[in-house]
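Included below are structure tokens for two forms of one protein chain, each presented in isolation as structure 1 and structure 2.
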Structure 1
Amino acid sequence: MSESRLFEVIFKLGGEEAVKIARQLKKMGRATEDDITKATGVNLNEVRKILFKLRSFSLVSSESVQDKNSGWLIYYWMLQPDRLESLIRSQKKRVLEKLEEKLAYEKSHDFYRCVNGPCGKIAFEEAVESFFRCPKCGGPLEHFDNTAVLEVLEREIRKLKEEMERE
């Protein structure tokens, strides 16, 4: 997995400051929150917030060491670039599951939409309960052909499965 892809994912998770922190961790190998704050200029609370977020995605890890003088725990943080591939694979699997759930829902329901515009579509059961009147604006509902939605979902699922098979 390339370094640029790692930083691209980190940017999407935490923005430019997260990239600064990750680059610094890569350079230092192992660093405390204070070390990172001094090196990057990012405020300590933001550093902690970003580190915990990156840890929740397994892109950083920490180890604690007890300070012999004060007895306090000092946390050392390390970048885990080798976990990126696993993160991407699990996120793709999660997206695939959601797309498949959406496809199953779309296939198993008949939909109606408001003739007045952007009120959205509703399932047949809800349309019956509202006597085929829009629950948002009261306008009449008309049948909605979701064939195009089904085609898009099927295409995206197929593309994602093919991509995951190549990896």
Structure 2
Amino acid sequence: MSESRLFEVIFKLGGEEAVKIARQLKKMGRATEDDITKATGVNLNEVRKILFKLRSFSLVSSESVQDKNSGWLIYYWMLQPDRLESLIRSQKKRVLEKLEEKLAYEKSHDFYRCVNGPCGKIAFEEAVESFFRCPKCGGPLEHFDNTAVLEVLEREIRKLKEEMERE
């Protein structure tokens, strides 16, 4: 997979600062949180937060080494670009499950929406409990036709399944 794809995913996970950190790791090969902070100007807490997030998606790895003088553990971080493909595969599976769960819910419920605007839709059961008044603003509720929502979900599920089959 191309490097630009890797940074695109990293951007999605942690924004511009995550990309800065990842680029720095790529340049240095192996670096401590302090090294990264000094080189990128991103504050230490943010560096840690982003590194832990990237590690939870296996895009970076760390190893701890005990400092001979202080006895403290020093963490060295490394970028793992070769994990991107397997991350994408597993994410596709996860997201597919979520979309299927959402589709089943949308298919098995009837929805109502506030006439006043963007308060969001609620299921029939909840609408009954609030006497068909919006729980957020008190406005009247009207029936919401979710046919287009079902079509979008079905389209995305189909797209993901087709991709997973041919990749």
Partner chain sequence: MSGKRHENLEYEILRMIKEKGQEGILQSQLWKLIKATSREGSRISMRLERAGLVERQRILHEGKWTYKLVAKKKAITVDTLIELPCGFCYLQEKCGAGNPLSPCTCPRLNQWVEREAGRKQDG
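Bear in mind that the values here come from a model prediction, so they are computed numbers and not experimental data. So that the term is clear: the rigid core is the largest set of C-alpha atoms that superpose within 1.5 Å between two forms. Structure 1's sequence is the ruler for residue numbers, which start at 1.
Visitor: Which number goes with the form predicted together with the partner chain?
Guide: Structure 2 is the one predicted together with the partner chain.
Visitor: I'd like to check whether D82 and V42 move within the same rigid part between the two structures.
Guide: Two-body split between the two structures; D82 with V42, same side.
Visitor: Look at the chain as two rigid parts and give the angle between the two structures through which the smaller one rotates, in °.
Guide: The angle the smaller part turns through between the two structures is 14 degrees.
Visitor: By how many angstrom is the Cα of K102 displaced between the two structures when the rigid core is overlaid?
Guide: That residue's C-alpha sits 3.4 Å away in the other form.
Visitor: V128: how far does its C-alpha move between the two structures, core aligned, in angstrom?
Guide: So the C-alpha of V128 has moved 8.3 Å between the two structures.
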